[in-house]
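What follows is one chain in structure tokens, specifically the form predicted on its own.
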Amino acid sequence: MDFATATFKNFENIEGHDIYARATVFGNFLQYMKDNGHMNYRLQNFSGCGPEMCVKTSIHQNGFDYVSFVSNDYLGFTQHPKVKAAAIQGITDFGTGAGASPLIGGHFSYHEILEEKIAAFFKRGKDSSVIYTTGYTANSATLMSLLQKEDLAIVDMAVHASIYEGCILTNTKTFLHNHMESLERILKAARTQYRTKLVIVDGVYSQDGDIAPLREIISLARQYGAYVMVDDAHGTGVLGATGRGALEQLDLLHEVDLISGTFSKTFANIGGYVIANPDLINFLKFQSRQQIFSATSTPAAAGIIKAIELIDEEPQWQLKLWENINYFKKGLLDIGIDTGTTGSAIIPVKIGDPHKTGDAGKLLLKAGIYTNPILYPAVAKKDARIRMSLMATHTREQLDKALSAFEFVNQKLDIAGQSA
């Protein structure tokens, strides 16, 4: 295998190689990446999540303070003293674990409060919520429970991997990203088939940071008798007048059947949730395998409750985030860098060539900037990029340091406009 052109995808199933042989070849590939300075993955952090992180790299074996753009802690709440205090109080009151699944003894008062808080947060009246241990399982376990062989999932090709995994028990059709003609063709063909038809999209897409055309999607779904689910993991806390996400921004909060999301981004912890009609939620609480067979979130989840409250109590964090987004994006565009169609806190630096993208990541680390090069299969082979996540707690000096680094990288590698 030619490691110079290989990607992680090539090692999923190597013909004629058993599990140990595949692991050995993959280990050789990882060493090749390390030798070329392209191993920006699974780096060890010595400090908490934030706009600056102490990271162990091949350049700095004992750790170095990098300006970080790898965190989806958009409002900086992982370090907010009130969130920390609430998590600590939760542990003091309940200990460090839940000890069981929600169905058989692991459902505590802080879980009940959290489910009530996140349901009320979206201002959808009588809707209820169910919480999951991860955002990933909020999607995968929910969809496995709701959609069976008689049903159809219609998904945007750019949805999160958790949604694809959730659809393995049902029929699935994908439409071109944000392409309404492609969606309508599928809906029209499936009009008289299948018991349940569910259109599943992201509010904000995790790699391009672009926003789904939700008004058009909902209209088409209703026209052809389909339901709609929106995963707004990256929009909640960032978009909308009061941080309720892409649906609030478009005044569509009441127009979809299910909203899913995560507590690991804006809400500064770990876990996921689904918001829907009480009957659907009760069904999930007793039928979703993750609810039956997996332990629920720890008492530190009490910090999530405080983070939800802070969205309204301290709206200055969302405002500061958008100051940073607009400033940083303008700086990149002034250099000539392609940031695609982002409308969120995710700003892709689109380069195109995967090895040039790896070299860009290496140069950025040398300049003190910690970023994630994103390659195939996370994105198309020709669509490699550096993915930047902005935080409300980034300082202007940190943003300027990153912009200077990108200007240097552009001078060395000519990354401006390369993805076109």
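When you see a residue number, it is the position in the sequence shown, counting from 1. These numbers were taken from a predicted model, which means no experiment stands behind them.
The same protein has a further form, the form predicted together with a small molecule, not shown here; the description that follows concerns it.
The stretch from 198-206, 182-190, 278-286, 212-220 that comes within 4.5 Å of the small molecule in the model of the complex, counting heavy atoms only, is 198-206. Interface membership of N178, defined by any non-hydrogen atom within 4.5 Å of the small molecule in the model of the complex, is ruled out.
Taking non-hydrogen atoms only, T236 never approaches the small molecule to within 4.5 angstroms in the model of the complex.
The small molecule is not shown here, but in the model of the complex it comes within 4.5 Å of a heavy atom of N139.
The shortest heavy atom separation between K306 and the small molecule in the model of the complex exceeds 4.5 Å. For the options Q249, T134, Q79, T170, the one in contact with the small molecule in the model of the complex, meaning a heavy atom within 4.5 Å, is T134. Note on contacts: among S129, Q291, T262, S344, the single residue with a heavy atom within 4.5 Å of the small molecule in the model of the complex is T262. Annotation: in the model of the complex, residues H160, D231 and G271 each come within 4.5 Å of the small molecule through at least one heavy atom.
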